[in-house]
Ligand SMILES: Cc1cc2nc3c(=O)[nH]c(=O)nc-3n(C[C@H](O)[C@H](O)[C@H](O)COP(=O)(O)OP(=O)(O)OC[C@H]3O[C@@H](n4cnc5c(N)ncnc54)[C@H](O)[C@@H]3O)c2cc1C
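Let's start with one chain on its own, the form predicted on its own, as structure tokens.
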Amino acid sequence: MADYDVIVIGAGLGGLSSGAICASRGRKVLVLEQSDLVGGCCSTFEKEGYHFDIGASIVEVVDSLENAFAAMNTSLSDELDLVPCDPIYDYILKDGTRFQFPISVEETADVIRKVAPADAEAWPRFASYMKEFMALASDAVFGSPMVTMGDFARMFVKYPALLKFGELFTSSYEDVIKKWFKSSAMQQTTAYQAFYVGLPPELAAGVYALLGYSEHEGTYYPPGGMIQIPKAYQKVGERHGMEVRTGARVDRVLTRNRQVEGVVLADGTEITSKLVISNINAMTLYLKLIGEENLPWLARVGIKSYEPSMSVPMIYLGVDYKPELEAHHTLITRPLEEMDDYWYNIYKKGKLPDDMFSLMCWPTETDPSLAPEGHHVVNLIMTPGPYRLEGTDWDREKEAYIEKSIDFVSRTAMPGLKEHVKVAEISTPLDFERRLLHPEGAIYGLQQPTTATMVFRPSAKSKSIKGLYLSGASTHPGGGVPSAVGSGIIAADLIEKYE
């Protein structure tokens, strides 16, 4: 008899949500996490009284979070406290123009009339269009399993209204934005968000242009840091008997005749189960934990055709003053074309940029308890940084990169910052690989162009190994907090359907 009904590899959001749902449905579940913290990129660590979010900085589109709790017979409001963040962004454009976008669509229109009057009439039409698409897509696209081409086709049969939005499935992110907005200022307000799916505007899929509107549905922060989200799923799962072990690294997935039989830990311990949910990078799962020799030839070719997603250096600052910021998020952005040029001529060539851009997160604006009294936390999600650097490496560049980033932010957004820094930490792409086991520092699992989205992504129900299921950023619907939770729901539902 197997030790557990389900073993989950990785206590990220997809792993914890899928495991907790399976436990709430009566299955004996074990979640194994190699780190000493749950959450993966959606986690929080402490140093000298400052609490820093490792990667994820807010959550939006909370429908998937609510759906996951509902599947566990509870509710979001009962399990997790979320504080709204308004305004959404404090924007700093290339020419130094600075303004804020509030949550309200109508109030945002008032701002646009001042900074980008040519697009004032387009904004409410864009918001209405994307609002309608989101109402459909949250279930039809992002909440549905995409295991086969039949699933993809049935999506349009079940939701024929999606055909109205066909251009989003065939165009690039940049094409969609340029169709709606003509001014450089308005295009810059959406340019950086393409990197939320790990690609520049020219390569990101058009469906993600909804990010220009979706944040106006609400952006939220959990008091205590982003780790509170995975902790909430862990807590509910444990109420239903789910067991979570940290510091337990899985080295191998046991298979026989292409059927899962359990896992082997780094210390040699074997734990048996006929069902395994993998929440780790799909390339690592198939090529290392299962092994090429245990895969059919087409699966080997397929998994090798993917590329790890982009990597990003993150800098964590503890400061002894109140920053001159206006919002939880400040976005130092650039035109669409410059984002594309950076990708091809800097990032892909392994260079570090001279001209930077950045997403600055100020969590103590929302939750002052994350720092000592009178102090604040500022997290810098910097310009995407290549894993392999030309002529050097991240270990050698760490200190210089921190100093360069602080100088950049001091010039553009936070005068005097340098004199107030008490703690400065960095997670480079190499650090993300070492600490979170993300290959090449990939923060979104796998790259996500149109040819690697939905049904073209590694399937949530393995087509090669019976009893193997996938959750997390490497499978549909991709990276990010709501997507990762959505993948957990999909994996748990597929197990309920087929096992």
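All residue numbers refer to positions in the sequence shown, first residue = 1. Computed from a predicted model, the values in this text were never measured in an experiment.
Although not depicted, the form predicted together with this ligand is the subject of the following passage.
Considering Thr453, Asn67, Ser35, Ser459, which brings a non-hydrogen atom within 4.5 Å of this ligand in the predicted bound form?
So the residue touching this ligand in the predicted bound form, by this definition, is Ser35.
Looking at Met242, Met339, Leu210, Ile280, which is the one with a non-hydrogen atom within 4.5 Å of this ligand in the predicted bound form?
Partner contact (heavy atom, 4.5 Å) among the options: Ile280.
Just to confirm the contact call: exactly one of 312-320, 383-391, 365-373, 158-166 touches this ligand in the predicted bound form at a 4.5 Å heavy atom cutoff, so which is it?
Going by heavy atoms within 4.5 Å, the stretch is 312-320.
At the 4.5 Å heavy atom threshold, is Leu446 in contact with this ligand in the predicted bound form?
Outside the cut-off, so no.
Even though this ligand is not shown here, does Val481 get within 4.5 Å of it in the predicted bound form, heavy atoms only?
Taking the distances in the predicted bound form, the answer for Val481 is yes, it comes within 4.5 Å of this ligand.
Can any non-hydrogen atom of Arg300 be found within 4.5 angstroms of this ligand in the predicted bound form?
Taking the distances in the predicted bound form, the answer for Arg300 is no, it never comes within 4.5 Å of this ligand.
According to a 4.5 angstroms non-hydrogen atom cut-off, is Leu30 in contact with this ligand in the predicted bound form?
Judged by the heavy-atom cut-off of 4.5 Å, Leu30 is well away from this ligand in the predicted bound form.
Taking this ligand in the predicted bound form, which residues along 1-28 bring a heavy atom to within 4.5 Å of it?
Residues within 4.5 Å: Ile9, Gly10, Ala11, Gly12, Leu13, Gly14, Gly15.
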